[in-house]
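The data below hold one chain only, encoded as structure tokens and taken in the form predicted on its own.
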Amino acid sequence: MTINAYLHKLSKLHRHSQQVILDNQQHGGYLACPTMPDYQFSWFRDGAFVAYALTLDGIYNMVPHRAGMSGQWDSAMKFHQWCARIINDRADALERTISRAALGQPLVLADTLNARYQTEGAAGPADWPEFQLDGPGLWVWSLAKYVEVCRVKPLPADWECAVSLVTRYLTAVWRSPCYDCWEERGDDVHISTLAAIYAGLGAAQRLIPALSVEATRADIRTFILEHGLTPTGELAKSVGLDMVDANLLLAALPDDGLLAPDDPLMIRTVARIERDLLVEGHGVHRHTADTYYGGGAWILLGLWLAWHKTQTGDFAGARKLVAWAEAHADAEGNLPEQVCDVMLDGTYYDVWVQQRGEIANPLVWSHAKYLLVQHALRGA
């Protein structure tokens, strides 16, 4: 393949990724996947990464918008407005949760934030592992980048209210077991979730300097170092587990992350992720116990590892993972959630297909990760 053909291929997939994301925004929220019924909702977590990717992509690759601004920035703004509205609408319930936590009383799940919502803002059906704490933390982290890049000043009153409320909520409940970002193991405390909260609290203080979060961030860091490591010194998937999860890449988020990309603890963690979960010539599995659709290699995780490699200067390694992801785009340019050419336990693949249909495609989060890596590789 010539260089020009390669660049054309990248450009085509880049443009299609922009379009997939923009086409799947409704009322401000982003559908996780338009073709899978269980994914026709908007998550704080997924949407936070999508909005973050659009914020950066809009700097150099502006999609024209009738208002004369970047189409990506307009889309991200609508998502942040959507999140703020949902959080503010839940203010009474979240205040009850904060009060119960202060009294040492157990959580009432009806008074917590849901993980997924219908795009008009209604909570998703109740038969879902809804209690997840990474999403609101990641929303604040994503919002801070949008505010920085788009020079939003002063912070809109409703955004400030939502940031302040969700900061107090996360400060009150961060120790609580919840479902992880894969919506599994609801009785555990997950290190990636704590890292998301840590980043969100740091971003909240940048947005509203009067907030006092440093003590909580210090407590989270201490808790992770005391309870969140494997016996061999990597970040653990969850407290008490001697295994890693690819979602631990979240510990090195830019700006307010728990660890710098070159921190020795992060280096050890990524090395084990690559040893246990990266298949040479393929992508990245979620964790070694994964059986969802047979435990295939996830496009978004391959791209996430590529994004991390750009932060450590390994641009060749990043491009290798990007090429793998590009090779799994379908004829229209859609990137799926995962691929089944390498599976941890293929006996589960047909079970999941029968239960939920084919693997989600396109997965909007996968396309967002593609935009993030392309931004990071720009000029490299």
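Just count from 1 along the sequence shown to find any residue number. Given the structure is predicted, the values throughout are model-derived calculations rather than measurements.
Below, we refer to the form predicted in complex with a small molecule, which is not included among the displayed structures.
- Here the chain stands by itself, but in the predicted complex one stretch of 340-348, 32-40, 314-322, 50-58, 32-40, has heavy atoms within 4.5 Å of the small molecule.
- Heavy atoms of Ile21 never reach within 4.5 Å of the small molecule in the predicted complex, leaving it off the interface.
- For the chain shown alone, Ala368 is not a contact residue for the small molecule in the predicted complex, no non-hydrogen atom being within 4.5 angstroms.
- The shortest heavy atom separation between Cys181 and the small molecule in the predicted complex is within 4.5 Å.
- Within this chain, Lys145 is remote from the site of the small molecule in the predicted complex, having no heavy atom within 4.5 Å.
- Looking at the small molecule in the predicted complex, residues Asp46, Tyr292 and Trp298 each place a heavy atom within 4.5 Å of it.
- A heavy atom within 4.5 Å of the small molecule in the predicted complex is found for exactly one of Arg90, Arg217, Arg286, His308: Arg286.
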